[in-house]
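In structure tokens, the next block holds one chain alone, the form predicted alone.
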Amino acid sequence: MLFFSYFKDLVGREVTVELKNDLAIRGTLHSVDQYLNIKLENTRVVDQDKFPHMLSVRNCFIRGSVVRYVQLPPDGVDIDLLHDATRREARGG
């Protein structure tokens, strides 16, 4: 639940999601659920030459099991919040 809570705080921010098939999509995080399924709005493909068929996609739903990485905005990372949440998770509460 640590990552789910963290991603919920990033709703409305721009993120880049890299999938296991090497497709990287940048967009505004609209929603995320407990399975880390992600809905992005105002999307654009990072490597447009490699994936030209994705140029017309503006909104997408990404199943959590196909996500390799989620790149966060540099100012979106609150190190103290992550440390506290990690400690609470390690204690079991």
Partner chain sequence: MSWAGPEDFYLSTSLASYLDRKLLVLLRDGRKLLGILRSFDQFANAVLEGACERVIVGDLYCDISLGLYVIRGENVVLIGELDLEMEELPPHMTRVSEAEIKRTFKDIKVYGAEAQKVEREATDLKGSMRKRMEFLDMD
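All figures in this text were calculated on a predicted structure; none of them were measured in a lab. Positions refer to the first chain, counted from 1.
There is another form of this protein, the form predicted together with the partner chain, and it is not shown here; the text below is about that form.
- Remark: residue 85 does not count among the residues lining the partner chain in the predicted complex, judged by a heavy atom distance of 4.5 Å or less.
- Although the partner is absent here, residue 26 sits far enough away that none of its heavy atoms falls within 4.5 Å of the partner chain in the predicted complex.
- The partner chain is not drawn, but in the predicted complex it has no heavy atom within 4.5 Å of residue 68.
- At the 4.5 Å threshold, heavy atoms of residue 47 stay clear of the partner chain in the predicted complex, well away from it.
- The partner is not shown here, but in the predicted complex the stretch 56-90 reaches within 4.5 angstroms of the partner chain through a heavy atom at 56, 57, 58, 59, 60, 61, 62, 63, 66.
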